[in-house]
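Single chain ahead, written as structure tokens, the form predicted on its own.
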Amino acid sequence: MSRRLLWPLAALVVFLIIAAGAPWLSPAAPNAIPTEGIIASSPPSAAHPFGTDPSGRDVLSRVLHGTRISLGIALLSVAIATTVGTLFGALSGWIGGRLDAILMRLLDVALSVPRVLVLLCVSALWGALPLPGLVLLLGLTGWYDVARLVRGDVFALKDREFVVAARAMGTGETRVLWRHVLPHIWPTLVVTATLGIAHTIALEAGLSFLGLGVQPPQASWGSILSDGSAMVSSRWWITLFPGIAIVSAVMTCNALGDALRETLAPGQVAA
């Protein structure tokens, strides 16, 4: 394994361990508001390495639990986007003809509308989104690029020699697609999903920062940023540490995606 792939992969594993172990790693409950002995908005100290917020909650605990929520939302929404995009793109590329033309025009229409605009409009109209609703919203607006890439790969593979040989042996069309074509596009899916996780982490943080994503008192990196946004100059620690977490996670996933592209899909053009 190359060093360029090893380091971001190790960093992602660390993030996943933190997300899984947040209840045991956190020194306090993320929403616990102490009634005595704690000064609200206190700077980092030995007792509270990331300081406390205006309600006296431990920022370290909230960042650790925010890792679970932010990564969980990103992973689940990217899984939905990858599944929908794969089905749409495979159907379009495999059947071809008029259906392919219709589906591609629909995809062009979807791609013509900025995703951020759709997210802002739906979130504003829907109001306070529950976590499952936020996951669905991010997932169902993130599959367009996956569909385009899958459609291109399936279209290029469906007339290859091994596919023609499978058909000549009497294998059904659905089985040929499932067993002989789709396994060849998994490197593209892995790379696209990894890069999609980075993009979704940033999108969720932005929505939560604006109050349209994860709702208080739940802790995500974006909602913690929002808690300290009005007092950055005087209480910098409330925004610094979740900001570092967001930037680190996004850079990790982007670096991992680029390394995987070179390893698994060297012919794929960077987006």
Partner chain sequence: MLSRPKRAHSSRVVARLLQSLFVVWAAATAAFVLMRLAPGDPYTTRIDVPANERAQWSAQRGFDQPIPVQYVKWLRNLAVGDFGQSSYFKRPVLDVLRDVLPRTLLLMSLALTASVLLGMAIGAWQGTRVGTTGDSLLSTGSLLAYSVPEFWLGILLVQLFAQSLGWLPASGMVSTEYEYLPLSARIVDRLRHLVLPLTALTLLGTSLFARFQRSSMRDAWNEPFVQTARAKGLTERGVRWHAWRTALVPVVTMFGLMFPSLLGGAVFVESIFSWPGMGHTAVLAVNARDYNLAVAAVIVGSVMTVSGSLLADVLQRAVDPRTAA
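Remember, predicted model here, so these are calculated numbers, not experimental data. Numbering follows the first chain given and starts at 1.
Here the subject shifts to the form predicted together with the partner chain, a form of this protein not shown in this document.
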Proximity to the partner chain in the predicted bound form (heavy atom, within 4.5 Å), stretch among 42-50, 61-69, 225-233, 23-31: 225-233
Option touching the partner chain, based on a heavy atom within 4.5 Å in the predicted bound form, out of Ala79, Ala165, Ala156, Val116: Val116
Of Val250, Leu260, Ala11, Ile18, the one that lies within 4.5 Å of the partner chain in the predicted bound form (heavy atoms): Val250
Heavy atom of Leu125 within 4.5 Å of the partner chain in the predicted bound form: yes
Residue contact check: Gly206 to the partner chain in the predicted bound form, 4.5 Å heavy atom: yes
Thr174, heavy atom within 4.5 angstroms of the partner chain in the predicted bound form: no
4.5 angstroms heavy atom contact with the partner chain in the predicted bound form for Arg105: yes
Whether Leu140, Val181 and Leu264 all lie within 4.5 angstroms of the partner chain in the predicted bound form by heavy atom: no
Contact set, 226-258 vs the partner chain in the predicted bound form - heavy atom within 4.5 angstroms: Val232, Ser233, Thr239, Leu240, Gly243, Ile244, Ile246, Val247, Val250, Met251, Asn254, Ala255, Asp258
